[in-house]
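Take a look at this single chain in structure tokens; it is the form predicted on its own.
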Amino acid sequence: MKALIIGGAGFVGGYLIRELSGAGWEVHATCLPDEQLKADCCAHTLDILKKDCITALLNDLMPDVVYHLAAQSSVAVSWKKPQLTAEINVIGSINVLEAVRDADKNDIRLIMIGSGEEYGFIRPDACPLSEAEPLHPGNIYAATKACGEMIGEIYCRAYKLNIVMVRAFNHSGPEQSPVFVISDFCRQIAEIEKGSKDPVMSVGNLSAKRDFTDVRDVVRAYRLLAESGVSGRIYNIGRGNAVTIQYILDTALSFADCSITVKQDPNRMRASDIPVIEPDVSRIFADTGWKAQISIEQTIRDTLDYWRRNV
């Protein structure tokens, strides 16, 4: 199997490169000129806002599978730069779809990576969320991802493209940016242990319940969907078992080598936090046999060890 990962320089990209390479695939990945891949494979410079460049690359490589990971994925940035977010997440996705449609190879499988954020403001009794649950995006990032997915569904039906769509819920692991909660907690603990920060951890809302999956499990799901996912289907990817942020904090603190005080920071609180977000993952299990294998506790321990080496 030959894969092209569009947007391979991000957190997930490096893990996906290693997952596919470990399974014996030939792997190619793209990045922007100022980016660098985090794992070894054949690298290509690509801007998804240039559709003809995508087509040329597809015709040069003739991949069996294309993973579309390239996105403006920050909710905060989406509020500050809505036009940029829409250009990358919507126009960029259309360019990828058009390039696959125009490619000389007519049986390319496209894996479009969306987000659990697309569900947005869910009904109180909606969890666990099935893929049939109506979408009510609550921010600009989520809206653009939902739009890209809907356009993908249209291309799949209208042009008979081989497309599998994913809604990935929270995933974490070593090397993730500390703007995400597990990585944030672990970095703060590592800084306190090194003496570069006072022994006080700043936290936000601890009562919200979220579904966390290890990134290494997530990329394994991406590989299995390329191998046996059903074209035209949308798949939730998650553990299927939400836990409180308080549990994440308590687990991280249990691995700390020193005593730490916890302080709630009003600046970290969200005005409209949804109490519980948990996916139904029965569809991906039925079609591929995938389920999460790495425990949340192991993810937290590995992430803390990463920050201990890197703060």
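In this text, all values refer to a predicted model and were calculated from it rather than measured experimentally. All residue numbers are counted from 1 along the displayed sequence.
Quick note: we don't show the form predicted together with a small molecule, though the next part is all about it.
**Q** When the small molecule is placed as it is in the model of the complex, which of 279 to 287, 66 to 74, 257 to 265, 239 to 247 ends up with heavy atoms within 4.5 Å of it?
**A** Only one stretch passes the 4.5 Å heavy-atom test: 66 to 74.
**Q** From the list L46, C41, L58, A252, which entry has a heavy atom within 4.5 Å of the small molecule in the model of the complex?
**A** By the 4.5 Å heavy-atom cutoff, the listed residue in contact is L46.
**Q** Given that the small molecule is left out here, which of I88, I111, A142, I192 has a heavy atom within 4.5 Å of it in the model of the complex?
**A** Checked against the cut-off, the match is I88.
**Q** Is L20 close enough to touch the small molecule in the model of the complex, meaning at least one heavy atom pair within 4.5 Å?
**A** No, L20 stays farther than 4.5 Å from the small molecule in the model of the complex.
**Q** Heavy atom to heavy atom, is E26 within 4.5 Å of the small molecule in the model of the complex?
**A** Answer no; every heavy atom of E26 is more than 4.5 Å from the small molecule in the model of the complex.
**Q** Within a 4.5 Å heavy atom cut-off, is A9 in contact with the small molecule in the model of the complex?
**A** Yes - in the model of the complex, heavy atoms of A9 and the small molecule come within 4.5 Å of each other.
**Q** Counting only non-hydrogen atoms and a 4.5 angstroms cut-off, does I274 reach the small molecule in the model of the complex?
**A** I274: no, not in contact with the small molecule in the model of the complex.
**Q** Even though the small molecule is not shown here, does it sit in the model of the complex so that E98, G152 and I154 each have a heavy atom within 4.5 Å?
**A** So, no: the whole triplet misses the small molecule.
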